[in-house]
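Starting off, we have a lone chain in the form predicted alone, written out as structure tokens.
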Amino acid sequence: MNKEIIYGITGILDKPDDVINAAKKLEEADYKKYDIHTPYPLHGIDKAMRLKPSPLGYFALAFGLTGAITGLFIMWLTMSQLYPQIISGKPFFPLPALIPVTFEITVLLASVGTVLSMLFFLFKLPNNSHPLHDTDYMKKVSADKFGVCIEAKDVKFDLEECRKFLESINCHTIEPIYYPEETINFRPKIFETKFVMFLLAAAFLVSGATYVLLNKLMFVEPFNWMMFQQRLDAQYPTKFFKDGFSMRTPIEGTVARGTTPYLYKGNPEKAGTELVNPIEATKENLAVGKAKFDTYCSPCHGYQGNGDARLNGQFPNPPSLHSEKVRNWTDGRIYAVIMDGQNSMPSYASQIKAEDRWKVINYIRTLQRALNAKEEDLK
């Protein structure tokens, strides 16, 4: 041991009340560099020692803000400057959409940075030696005794004065602690050959394990079941069908879930006798029917349903919706024409949903009554 370099002086106490009183006396004596060691957490000792909050919170704040600012900056730089994209009029920097990513980066950097700060700045890794390690003092205070250690860094430290002070607060087994010879001229081992080789070996093992896991193991059953599922992906070819098409034409008669099948395809007369309009001709429903009629029907039938197409002869003019034949049709018969089409008119089943088809029919009835008004309608 090198007796010239002293770490501090220690004393042993037998009761928890004694060590709390010792902490209060140390504070009253204006000692700053000291520590209390107990075999278990001791309630009230932090208040007696007037301990300040841990500096780890400042590290967490600094790393968290760094993560948030860095994440936002990278996303702003990428989306607004390097690769701006115009998508449905959205802004180049949609802040609300970026908050989840910013939050994750903030938490990640704050947690990892705080742990690394604790290990390397507060615990001084890779130096894991301490003058109190393997001393009789540490063996006692980690078992059933309580200890006080005044460090030589304290401005009031004097070996004999500190010894007398420890005796005055009922300490026994008072002894000085010296730095071990191997720690006196200690320099960080982070650049030593053994440590560098350890880091390289760890990096190699982690990289190798990651490669095997992601590139080999995940392609072995049963781990590849999620990747290679027995399913068809839209817009992608498949080997399941001979023609290679994954998107198949629905089987005739297939009914989508939540819909009512149309049972009168190719049989408009039966539809005319069995189908009944379930939609009431209210002002709101007629407004919807008018909007759909003007959009899908008026290009050929005209806004009044007279068959005066405004497509300039691109298609044959349809018959008037005000003919006696059409006016005598039931709502179900007109519904069948919308569903199946007639002559050069195609089906509009895919363009107009079922509820709106009946609303269009109600609007057609309104046009028919308006342009073919009877005497009683004018009273």
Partner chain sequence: MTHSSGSVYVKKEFAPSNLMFGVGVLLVGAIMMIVAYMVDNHRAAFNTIITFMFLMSIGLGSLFLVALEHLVGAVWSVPFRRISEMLSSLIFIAPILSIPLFINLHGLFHWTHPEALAEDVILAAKAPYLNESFFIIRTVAIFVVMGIFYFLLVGSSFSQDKTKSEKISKRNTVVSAIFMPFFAISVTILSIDWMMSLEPHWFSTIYGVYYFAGTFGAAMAVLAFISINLTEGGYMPEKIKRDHYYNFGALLFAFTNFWAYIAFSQFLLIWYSNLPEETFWYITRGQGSWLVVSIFLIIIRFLVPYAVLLPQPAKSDAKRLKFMSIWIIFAHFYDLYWLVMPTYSKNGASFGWMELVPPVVAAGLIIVVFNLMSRKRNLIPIGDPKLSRGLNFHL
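Residue numbers count along the first chain shown, from 1. Please read all numbers here as calculations on a predicted model, not as lab measurements.
We do not show the form predicted together with the partner chain, though everything after this point is about it.
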query	finding
4.5 Å heavy atom contact, residue 61 to the partner chain in the predicted complex	yes
Contact flag, residue 115 vs the partner chain in the predicted complex, heavy atom cut 4.5 Å	no
Partner proximity in the predicted complex: residue 43 to the partner chain, non-hydrogen atom cutoff 4.5 Å	yes
Interface membership of residue 100, the partner chain in the predicted complex, 4.5 Å heavy atom rule	yes
Of 130, 124, 90, 156, the one that lies within 4.5 Å of the partner chain in the predicted complex (heavy atoms)	90
Selected contact from 237, 176, 94, 307, since only one has a non-hydrogen atom within 4.5 angstroms of the partner chain in the predicted complex	94
Contact segment among 318-326, 26-34, 337-345, 43-51, judged by heavy atoms lying within 4.5 Å of the partner chain in the predicted complex	43-51
